[in-house]
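The chain that follows stands alone, in the form predicted on its own, written as structure tokens.
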Amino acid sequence: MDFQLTEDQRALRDGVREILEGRFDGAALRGAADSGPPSLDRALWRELGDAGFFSLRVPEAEGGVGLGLAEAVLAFEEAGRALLPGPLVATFLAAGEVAGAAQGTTVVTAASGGLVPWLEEADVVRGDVSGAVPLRSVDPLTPLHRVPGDGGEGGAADAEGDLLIAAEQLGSAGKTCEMAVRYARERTQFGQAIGAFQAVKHLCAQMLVRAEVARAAVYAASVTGDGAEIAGAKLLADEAAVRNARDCLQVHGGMGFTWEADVHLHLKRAWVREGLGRSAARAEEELAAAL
């Protein structure tokens, strides 16, 4: 199977990255994390809607862009790289069904894996969220509520939602790999870059392997849409995002454990996304049943 992106797909990926770098760069991420309780940037949400982010899969006849799941995965991979906050997946899946979701004027959230992100900021809530109670979130940019049970497997918890969450995890895994490699080249110890030491070199190589294996799985699942392949992609992407963030923290040494380093933001978001959608145990059961 050929996973080389087409010229249009590369242009889409580059365009989304350019928009996010211009509107939500590292300084904006740090500002949002340091500004106290998280608040959704409605202006950014509308800008994403104007750029067609939420309407990528809405048919052109209905005012959307009319692209497929593979293109949506590329856009969400970029959102994961930037650690873009907000209920992106639920709003994306609601485009074309909930008025204003495609335009970014309506914020939609949904119960997913027993958690509800951004419940108090959302205009529309999908799924059963009765009995939702606030939960202290490890991620400073993702407020959470917990609902009894799993909250109903619907909305963002369906297969496409899981694949988009996996795409965000993939973007984070790739970003932390880049951060670790850059730091290993710049930081010197004993008169040479720390990347020259075998222990650091091996950590970076393992991070790259995890990200590329997860990328192959996520891209393949976006082409086939197969449920078992999506379950496998979610498992691999969750592992790549969490373990790469941990290894990136190790490469940064003592500095990586401080609030000032952005590494912890990737690790905390990866933990939250790991809890959304189908659980690891459920994904493993589905994979086993498909064998």
Partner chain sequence: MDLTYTQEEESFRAGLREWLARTLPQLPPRPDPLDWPGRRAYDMGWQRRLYDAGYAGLHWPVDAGGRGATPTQHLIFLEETEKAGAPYVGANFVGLLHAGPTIASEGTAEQRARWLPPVLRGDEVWCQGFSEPDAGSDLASLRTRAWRDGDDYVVSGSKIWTSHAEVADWCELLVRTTPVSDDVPKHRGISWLAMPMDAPGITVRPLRTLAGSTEFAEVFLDEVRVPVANRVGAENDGWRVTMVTLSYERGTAFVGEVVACRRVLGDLAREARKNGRWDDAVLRRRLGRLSAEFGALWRLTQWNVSESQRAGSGVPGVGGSVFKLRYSHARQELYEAAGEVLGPAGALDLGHEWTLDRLSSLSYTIAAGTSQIQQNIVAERILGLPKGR
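Worth saying up front: this structure is predicted, and the values here are computed from it rather than measured. Positions refer to the first chain, counted from 1.
Not pictured, yet referred to below: the form predicted together with the partner chain.
In terms of contact with the partner chain in the predicted bound form, the residue from Asp41, Glu239, Asp50, Asp262 that brings a heavy atom within 4.5 Å is Glu239. Site annotation in the predicted bound form: the residue of Met255, Val65, Leu29, Val223 reaching within 4.5 Å of the partner chain with a heavy atom is Val223.
The partner chain is not drawn, but in the predicted bound form it has no heavy atom within 4.5 Å of Trp118. Proximity of Glu212 to the partner chain in the predicted bound form: non-hydrogen atoms within 4.5 Å are present. For the chain shown alone, Arg146 is not a contact residue for the partner chain in the predicted bound form, no non-hydrogen atom being within 4.5 angstroms. The partner chain in the predicted bound form comes within 4.5 Å of no heavy atom belonging to Pro140. Checking 105-113, 118-126, 83-91, 197-205 against the partner chain in the predicted bound form, the stretch whose residues place heavy atoms within 4.5 Å of it is 197-205. Taking the partner chain as it sits in the predicted bound form, the stretch 165-198 comes within 4.5 angstroms of it through a non-hydrogen atom at Cys177, Val181, Ala184, Arg185, Ala193, Gly195, Ala196, Phe197, Gln198.
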